[in-house]
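This document opens with one chain alone, in structure tokens, the form predicted alone.
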Amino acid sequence: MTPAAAVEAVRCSDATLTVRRADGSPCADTEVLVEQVRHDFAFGNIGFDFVGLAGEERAEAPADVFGGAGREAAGQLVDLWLDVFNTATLPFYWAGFEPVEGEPDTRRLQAAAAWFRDRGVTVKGHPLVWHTLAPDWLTGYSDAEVEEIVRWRVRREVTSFTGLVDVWDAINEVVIMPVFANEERPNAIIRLCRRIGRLPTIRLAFEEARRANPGTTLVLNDFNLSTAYECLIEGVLEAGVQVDAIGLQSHMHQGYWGEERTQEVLDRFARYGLPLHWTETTLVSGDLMPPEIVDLNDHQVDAWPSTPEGEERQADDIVRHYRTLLAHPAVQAVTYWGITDRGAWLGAPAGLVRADGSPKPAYDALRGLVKDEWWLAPTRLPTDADGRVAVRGWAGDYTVTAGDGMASWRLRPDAPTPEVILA
């Protein structure tokens, strides 16, 4: 089976749609137009670049602590972003979200979340608890006070954003959390995790978030895809913590992993029976980072340009990677980490768009998958005498039109016989 056929076998399904007129009679022996309008699958990207634009900020706001192109460049990226992606990750890094105690950036992020929601985009928050970028002011509190403040932080954010952000990376990179050392910068989250342990820290994040919004989707997220993460997941599940999805990071600054390694990772983490979210994916379009680099943050260069050869490689790699992921039934979401090279993490040429705003071949390649190969183009089909029409397509939202009447419907593998009334 070809890679393209493997994706279709997993993601495509058949439905028998019954179309009725406003009076309830079947729309018999009629040509109808079926159009897809949205994927169920979460094709994600970060939304950091659009926070200033969404809030209609006139001046260039301070850059988020983890990057983003900023207000000036965002305008030319909007259409490119919305044409491919349906899920946005917004930055809730505590050090940037609340640099001064008691002054969180709630209204600004609420405006950004609402901006995306109004454009039909699902919004995810990243992250609620993480040792990196914990606020400096937190270190002045005692161990017991730190725990209570962290609990309050989780409840506050989830409560404040319920209905706008209902998917969260509840906790990030716990495998390394209690052993991470930074002698130059004391860290209260590391102190907390060392004192109470990994599992209680995870339980804290998940249970406080769940209490604040019982309907939220909570992700356990990590870059460490070794057996250490597997052991952690097993311990979390055995402890009865309700995890909704397993987050897997894949910053491939040192080169594409290849289908074999990616499939091996998929199979190892799918055995827990939970959806897999590929939360942070990057592929560079310039020189590859040297293989001896262990911590990607240690790679410091004066300039890291995108190159024609690298761009062709990136386009090929992104098609191979996405096809491998979507061919696995456990994968529910894939988030690419940045649409543009401008303000990209580590200054890497990992964006799908160049710093000047022009799309790279990788952008066109990914759009070709999401909106062409994996998309049901507007299709005219005849109904039978009972107003039924057979449709094969990708899980998602659709419209059906006949004459002046139109109706919306959803194609779902678990609901193969939808019925609609034209209005």
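All figures in this text were calculated on a predicted structure; none of them were measured in a lab. Start at 1 and count along the sequence shown; that's the residue number.
The following text describes the form predicted together with another copy of the chain, which does not appear among the structures shown.
Between 305-313, 93-101, 229-237, 337-345, the stretch whose residues reach within 4.5 angstroms of another copy of the chain in the predicted complex through a non-hydrogen atom is 229-237. Candidate site formed by R198, R268 and R271: every one of these residues places a non-hydrogen atom within 4.5 angstroms of another copy of the chain in the predicted complex. At the 4.5 Å threshold, heavy atoms of H251 stay clear of another copy of the chain in the predicted complex, well away from it. When another copy of the chain is considered in the predicted complex, L138 lies well away from it, no heavy atom lying within 4.5 Å. Heavy atoms of G286 never reach within 4.5 Å of another copy of the chain in the predicted complex, leaving it off the interface. When another copy of the chain is considered in the predicted complex, V294 lies well away from it, no heavy atom lying within 4.5 Å. Interface residue among R203, R210, R320, H328, judged by heavy atoms within 4.5 Å of another copy of the chain in the predicted complex: R203. For the candidate set R156, R117, R194, R108, a heavy atom within 4.5 Å of another copy of the chain in the predicted complex is found for exactly one residue, namely R194.
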